[in-house]
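We begin with a single chain expressed as structure tokens, specifically the form predicted alone.
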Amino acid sequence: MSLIRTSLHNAIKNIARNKLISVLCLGIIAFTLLIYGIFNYISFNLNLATREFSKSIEAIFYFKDNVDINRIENLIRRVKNNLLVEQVTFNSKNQAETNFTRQFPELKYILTEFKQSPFPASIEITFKLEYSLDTKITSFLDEIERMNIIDSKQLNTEWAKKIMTIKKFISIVGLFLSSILLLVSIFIIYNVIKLNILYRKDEIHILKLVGATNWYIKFPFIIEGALLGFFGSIMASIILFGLLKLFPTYATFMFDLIKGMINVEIIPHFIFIRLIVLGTAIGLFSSLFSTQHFLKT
């Protein structure tokens, strides 16, 4: 306990002694972890959106013009009898037009240019929640799509696939930026510890002469690096939390564009835990590497 207390005291004294370098170091660590935290938060929300789209599989099949109503009724009966299906809804051409005017009343004037409804008739199929997009559903959908009365198909899981593509791209970009900034942070802490070792070289020499062990000399510098990483991660967590709270208020236009995929009301705690653990680990690794090299020299 005495070693830990002494090391902690010396580490804080070293940080306070070199205020400018310490502040610069904390700023770089905080910025690095902030970038990492932002990309983690975006990935988390994209995963939520993907699960939401995939939770209940819905498909819409649009019929070709002038299809015999009997053939449509036969298809509806067949779909309803399938064990995978939860619900089937038929929308006629007129019903589709009504739905459009209800959802987009400001565009109602466009429909006056058509003598009859420009929208195709369709059926909406909702599958049971216990089924995911497995081979049974896929083959069933493909079978319906191949029928000569079907013009096109719309599947809600297509959005999930698009979101997953976006998530992969964001993850790659985030990993690339975070890796570069991570190396910069390690380099900065490494050199901060190096400067402190050089600054205290006479004191270290005296400690060695009186029989101090290597770990007794190294430990304050290792603690110093860990503290720099820890405080940097705390700064990053506070800034990230503040940004998430202020984003809907001060970036209204941007928020309106992405609020369908990102819910700022949900702030997962595990992201902040990751930041703190990663920041402390960066500090420990950098200071340990620095002490191994320079104290040996």
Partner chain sequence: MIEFYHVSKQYVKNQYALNDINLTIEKGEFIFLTGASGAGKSTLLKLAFKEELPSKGQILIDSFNINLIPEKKLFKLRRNIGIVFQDFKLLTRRTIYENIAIPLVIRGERKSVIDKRVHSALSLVGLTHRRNYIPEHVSGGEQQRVAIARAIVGNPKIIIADEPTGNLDTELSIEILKIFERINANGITIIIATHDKNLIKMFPKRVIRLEKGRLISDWSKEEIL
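Residue numbers count along the first chain shown, from 1. Note that the structure is predicted; figures quoted are calculated from it, not measured.
Below: the form predicted in complex with the partner chain, not depicted.
Here is the short version: of Val173, Ala212, Ile180, Leu83, the single residue with a heavy atom within 4.5 Å of the partner chain in the predicted bound form is Ala212. When you look in the predicted bound form, the only residue of Leu195, Ile144, Leu207, Ile72 with a non-hydrogen atom within 4.5 Å of the partner chain is Leu207. The candidate stretches are 110-118, 212-220, 83-91, 182-190, and the one lying within 4.5 Å of the partner chain in the predicted bound form by heavy atoms is 212-220. Using a 4.5 angstroms threshold between heavy atoms, Glu203 counts as touching the partner chain in the predicted bound form. Although the partner is absent here, Arg17 sits close enough that one of its heavy atoms falls within 4.5 Å of the partner chain in the predicted bound form.
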